[in-house]
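Here's a solo chain for you in C-alpha cells, the form predicted on its own.
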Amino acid sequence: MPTTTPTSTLNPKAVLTYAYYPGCVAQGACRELYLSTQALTQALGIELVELKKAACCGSGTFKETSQLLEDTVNARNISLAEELNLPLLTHCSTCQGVLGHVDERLKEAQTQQPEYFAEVNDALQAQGCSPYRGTTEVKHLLWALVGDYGLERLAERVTQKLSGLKCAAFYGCYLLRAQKTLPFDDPVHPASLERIFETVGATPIDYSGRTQCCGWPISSYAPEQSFKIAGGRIGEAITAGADCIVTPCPLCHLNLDSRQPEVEKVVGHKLGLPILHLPQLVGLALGLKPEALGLERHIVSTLPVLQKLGIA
C-alpha cells in the first residue's frame, strides 16, 4: 500500500459545504449510513444541503438500456448541485462511480461531442430541468475527509482513539474503477481508507480482498455465487486478524452484513464479522454515541467492536 498521506488543497479553516446526494440505499435498507453521515458531518462542522429532488443514479443499470438515459438522469442530478454552486457529495461508492463517470464523460463531450452534449441538455430542457454545465465535481465522503477536510485536521478532532481495533478496508468496485481520474488515491493500490484508520488510532489490516468485488452485482440472479464471493472476502479478513470490515459502499454493506447469515449457510461455517460504514468508524473516534451512529441496526452485531474499544 502507498505510504504517502494525501493533503488538502483547501483552506484548513474553511467551512465545507456540499450539495448532499444520499442515494437510495442509505435512505432505506442502510438507514444507519444516512444517520451516521449526518452525525459525523455535524460534529466536524461540515454543512450538507440535501438534494431532495435528486433521482436514483441507476446503479449502473440504466446504461444497459440506454447510455443517453444514464447520462441524462445523472446530468440532472449534477445540475441540481450546480444550481447551488456546490460540489456534489455522496457517501455511496456506487453513486460516486456512476455520477462521477457521467460527469467525466459529459465534460469531455462538451468539447469533443457537442452534438451529444446538446442532446442530453435538450432532454433536460424538455422536462423543465436546468441544463448540465460541467461546473462542479462529484465527491465521495471519503475523498472529502481525506482531501478537503484533511487528515491532520481530522486528527485534531479525535477524542476517542480507536487503539487496538484492527480494521479491514473494503473499497468496493465503483469507487476505484469507474472513473478515469481518482482523486486522492491510487485505483490499483489505494490507501485512503487505511490512512483514515491510522488517523483515528485504529490498525489497518492488509488482505487480498480489500479491492475486490463483494458479489452484490450478481446477487439478484446468482445468489449462491454472490454469497460465495462475499464469504471469501469476509473469510480473508478474518484470517488476516480483522476485528471488523469498514466500507464506503452501502451495497457492499448489504452483501457483507445484511446477508451474512445467508452467506454463512453457503460457505458452511460461522463468520460473525461486524461490517461498519465509514462514517460510523470515524464517528466513534469523535466520541459520538453508538446509537447516534445507528450501530444497533446491523444484522451482524457490532457489540464486539464496542467492547474492544471499551465503550459498550
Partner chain sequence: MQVCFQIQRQSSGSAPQLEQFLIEVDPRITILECLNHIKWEQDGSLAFRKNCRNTICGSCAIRINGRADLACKQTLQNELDLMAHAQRLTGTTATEKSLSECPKIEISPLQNFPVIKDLVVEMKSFWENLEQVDPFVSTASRAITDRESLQTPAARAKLNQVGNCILCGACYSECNAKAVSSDFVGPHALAKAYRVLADSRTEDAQERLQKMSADLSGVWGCTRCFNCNSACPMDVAPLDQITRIKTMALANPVNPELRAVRHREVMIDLVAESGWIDERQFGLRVLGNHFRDVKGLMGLIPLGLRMLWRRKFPFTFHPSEGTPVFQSLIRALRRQK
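Being a predicted model, the structure only gives us computed values, none of them experimental. Numbering follows the first chain given and starts at 1.
Heads up, the form predicted in complex with the partner chain isn't pictured, but that's what we're talking about next.
- This chain is displayed alone, yet in the model of the complex one of 155, 240, 218, 118 has a heavy atom within 4.5 Å of the partner chain; that residue is 218.
- Contact with the partner chain in the model of the complex, judged by any heavy atom within 4.5 Å, is made by just one of 201, 183, 131, 235: 183.
- Annotated contacts: 81, 104 and 150 are all free of the partner chain in the model of the complex [non-hydrogen atom within 4.5 angstroms].
- Contact annotation for residue 24: at least one heavy atom lies within 4.5 Å of the partner chain in the model of the complex.
- Among residues of the shown chain, residue 178 is one whose heavy atoms approach the partner chain to within 4.5 Å in the model of the complex.
- Taking the partner from the other structure, the partner chain in the model of the complex has a heavy atom within 4.5 Å of a heavy atom of residue 262.
- Remark: residue 64 counts among the residues lining the partner chain in the model of the complex, judged by a heavy atom distance of 4.5 Å or less.
- Per the 4.5 Å heavy atom criterion, the partner chain in the model of the complex is contacted by stretch 53-61, the sole one of 53-61, 281-289, 241-249, 36-44.
- Annotation for 274-311: interface residues with the partner chain in the model of the complex are 296, 297, 298, 299, 301 [heavy atom within 4.5 Å].
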